[in-house]
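One chain comes next, on its own, written as structure tokens: the form predicted alone.
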Amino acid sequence: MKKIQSTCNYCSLACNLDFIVENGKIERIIPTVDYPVNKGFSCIKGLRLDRQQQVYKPSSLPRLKKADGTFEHTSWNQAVEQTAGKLTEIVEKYGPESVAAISTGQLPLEEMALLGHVLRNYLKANVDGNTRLCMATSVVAHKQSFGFDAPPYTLNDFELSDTIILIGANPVVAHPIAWGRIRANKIEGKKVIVIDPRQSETAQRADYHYPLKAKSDIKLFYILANVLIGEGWIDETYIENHTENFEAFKEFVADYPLDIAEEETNLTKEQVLELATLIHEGKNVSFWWTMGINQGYEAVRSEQGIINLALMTGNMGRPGTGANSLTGQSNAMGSRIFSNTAGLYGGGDYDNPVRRQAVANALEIEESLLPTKPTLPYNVIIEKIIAGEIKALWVVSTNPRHSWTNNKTFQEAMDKLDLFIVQDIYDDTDSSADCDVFFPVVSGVKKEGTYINTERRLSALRPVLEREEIERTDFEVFFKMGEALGMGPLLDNWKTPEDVFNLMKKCSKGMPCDITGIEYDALPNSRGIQWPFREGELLKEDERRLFEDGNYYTPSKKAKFIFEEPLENPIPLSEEFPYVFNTGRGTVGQWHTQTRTREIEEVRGAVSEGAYVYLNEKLADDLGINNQEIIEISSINGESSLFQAILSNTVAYNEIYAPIHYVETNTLTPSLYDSYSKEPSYKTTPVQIVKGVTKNEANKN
């Protein structure tokens, strides 16, 4: 029997776990007691990582679709050579931008970097990730306000903050370990404040809940800023020394008086003033947000509204403070910095000649091989497939037929492709069931690499179980495809995950995310290391925050106040579509499209098999809808879905809440995106409720 410490590859906390292994089988999983993130705790998903590919286990050989539409399994060599040949034909006929890929924030950074090397550096194709669905807005907000994609906090700040403000965040369900850190906070008189249209599981446990009108958050932040300025509840010294553009911001928010609060946000003047007072009276105030803010049509500016509140009150860089985005997936941070998609490896712009040469030198390649521009974003990739401009798509470890907004458009895209490749641990997802090429890969318990979690902490993923002879990792598939595409010597320095990690170290040198001081072999059995950690530095603390010296990554070293007039809602409620359709996580045990968590017996027994929505009890009574009745909901996007109605007063009268884990949910969300980040606006879709769906009609659908 042996104990192997590795990293959970579900959510962005990237907890560490001790796997007890005997005779090639995981006997037990124990949360690592002294790991700074989870401190001996884990949610059910991590504790059941041994269940992956146990019930739903596809063949370990690739599957190809034949001309008659049937499928056959074939050898790895044949599948790779045939697929590479088809990709080459498409590139030669239609050009490199006729090929695209969509990856995920759940691959280790080494695999993401290798995929970027093969498809972006070599083929000059477009590669975006499903982090576009969850974190793109935070990335843009950080870059514009701080000068780099730099979440400033450490998770320990949850325990050091006396005023914790959660905005569009539900950590009880989405980040249970983070909620555990909040509960562990022993500061006398600490306050937990939730700003959310819904009385979420977290709101029910908070000291204060402010149920604002859906997507009125940006106006609330501007009104709050005006109140704080008017009362003199700001830190003028911090503003003067460490920020720029405050006077213009002050003049701007003067047009957002307290008197408009109720009309614009559904919060009374008294509630808004109370919230401003709580911010003022807090010694160490921390602001935390996640998908409730990220997934909106003006999300970047909304997040900068939060950042502005933290800056103007001096709640940055000190223990228990910060404007803090909680990431969604285990390696979303790694995918943002080391995927070669929206910026060069290690961060930096494609048109910066100094940065280009530095990355080329680190990779030991000609500078001309590097991409000259960011990838097409996810939505444009789908649009160009439908328009016939992109002919081949490679989907890696994600399920966009289910998770993409207005998801029937992804089915339309699938039908248009000349070559559709899916690489996953399951061959029966909504996306993989009918693809042209399916590459089966092993789960994280058989892989190695590195994750960077939501607080910038690098941790080791190490094999817990040995692979069978014909099983392949994502890394091996990318490498073999690179060989088959003809990369030759361009792969010489990319042969192992450790090789790639060392390349990424070199690329990071001198950047805010510098990891040149981290040795690959130092991460296993460690407490993880947050970036930056430069060569020659000594690691004195396990938990470090950014901006403690007041210096940011902008040219002036000052944070920027950024703001903009709120947009008119592009899809407002109407007489035809009078209800707001909101989406989010359902339970702690469910994850995204449930391809993995369906294997967890405790989860299967505790969650609904079919799609459901929460409906306000008074609204249900007015419409004559009974609890657990099947109802049809039609959307402004022209689609309809059937749901079981669960009556609950946790949602407002005109608002409906649907868990994201069912394909019916994103059938209804529109093709609407934040203008700066291109992240989909999943949260506020106008819908209509159709009553009277019979059991027979429901079964037919």
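Position 1 is the first residue in the sequence shown; the rest follow in order. In this text, all values refer to a predicted model and were calculated from it rather than measured experimentally.
One more form of this protein, predicted in complex with a small molecule, exists but is not displayed; see below.
Stretch-level contact check against the small molecule in the model of the complex with heavy atoms at 4.5 Å: of 545-553, 366-374, 576-584, 70-78, the positive one is 576-584.
Across the proposed site, 151, 560 and 677 without exception lack any heavy atom within 4.5 Å of the small molecule in the model of the complex.
This chain appears without its partner; in the model of the complex, the one residue of 324, 335, 329, 137 with a heavy atom within 4.5 Å of the small molecule is 329.
For the residues 278, 619, 173, 491, the 4.5 Å heavy atom test against the small molecule in the model of the complex is passed only by 173.
Heavy atoms of residue 192 never reach within 4.5 Å of the small molecule in the model of the complex, leaving it off the interface. By the criterion of a heavy atom within 4.5 Å, residue 258 is excluded from the residues contacting the small molecule in the model of the complex. None of the heavy atoms of residue 645 is located within 4.5 Å of the small molecule in the model of the complex. Contact check for residue 465: no non-hydrogen atom falls within 4.5 Å of the small molecule in the model of the complex.
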